[in-house]
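Okay, here we've got a single chain as structure tokens, the form predicted on its own, with questions on binding and movement later.
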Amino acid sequence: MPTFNLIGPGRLGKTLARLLVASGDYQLLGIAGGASPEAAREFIGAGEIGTLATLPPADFWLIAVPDGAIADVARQLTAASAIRPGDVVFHCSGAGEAALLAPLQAKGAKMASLHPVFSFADPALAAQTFPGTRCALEGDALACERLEALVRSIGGEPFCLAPGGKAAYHAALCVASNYLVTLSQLALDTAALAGMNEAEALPLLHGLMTQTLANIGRLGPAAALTGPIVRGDAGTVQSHLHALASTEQLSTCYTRLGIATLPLARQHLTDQLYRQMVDTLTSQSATSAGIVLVPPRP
């Protein structure tokens, strides 16, 4: 049975360790770091508590410390004697690449990163609902191959990123998740101009966003797009810009998002409607808010 050590038994680390142990395919040997390693061991149900210097040799080394500590852990492990040629050492940063573990190359270790696209806020719940989670892999080819099997053993769905693609991957997650929150706040601020308070507007907007997300997942972005831009209704867009003209941030965001929407809508518009929409979104009122980019016509 392959063995592994856990470094950083926080919410993510101890959840993955518990899943690996529960799979029956991997044996946890040692646990190091963390604020409460004893509680983590109890949660996982296996492993001996130690330090980076005392961890035993293992086939896999799961590093689940904060991003800023990964390189330091790699240096400490390089100085220790437990790492063997061929061992797979991987971290779970969403933005950092496997190269953060570069010092371990001198030991012959195979380096990789494994990032589950999942929230580990509640480890007990996470351990129950993890199956089906997509997990991004990046790094040494052999390490990624072995981690694909590891991910599948705990019910995850692995996929590999292109070399150098980790930053763009993480940016995509931020756009889809963090900026969706920002977009909801912009929508609330816009609704406030119509005299709606948050208690009235939030259920309305949340319901619409939920329906739209379901359509995106089922149909894809282009087919899920509705509204005045895809209809070629320049008059409605102009009325929106007029309503938002007194609030520069809302006006600017509306116009920039409208310009970004044009390529999705292009196939549904005649040449005349497309040009009218471009002219509306890049009108004097728009350029005065800082919009100067006219998207090239396909």
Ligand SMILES: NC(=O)c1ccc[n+]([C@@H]2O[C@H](COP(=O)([O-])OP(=O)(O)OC[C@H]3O[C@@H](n4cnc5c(N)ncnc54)[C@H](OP(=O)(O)O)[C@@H]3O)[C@@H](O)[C@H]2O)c1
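Note that the structure is a prediction, hence the values are computed from the model and not measured. Just count from 1 along the sequence shown to find any residue number.
There is also a form predicted together with this ligand; it is not shown, and the following applies to it.
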message: Taking this ligand as it sits in the model of the complex, is Ala64 near enough to touch it, meaning that at least one heavy atom pair lies within 4.5 angstroms?
response: yes
query: Would Leu273 count as touching this ligand in the model of the complex under a 4.5 Å heavy atom rule?
result: no
- prompt: Would Ser93 sit within 4.5 Å of this ligand in the model of the complex, counting heavy atoms only?
  reply: yes
- request: Answer yes if any heavy atom of Gly156 is within 4.5 Å of a heavy atom of this ligand in the model of the complex; otherwise answer no.
  value: no
task: Have a look at 213 to 221, 67 to 75, 81 to 89, 137 to 145 and name the one stretch with heavy atoms inside 4.5 Å of this ligand in the model of the complex.
output: 67 to 75
statement: Checked 12 to 37 against this ligand in the model of the complex; residues with a heavy atom within 4.5 Å, sequence order, are Leu12, Gly13, Gly33, Gly34, Ala35
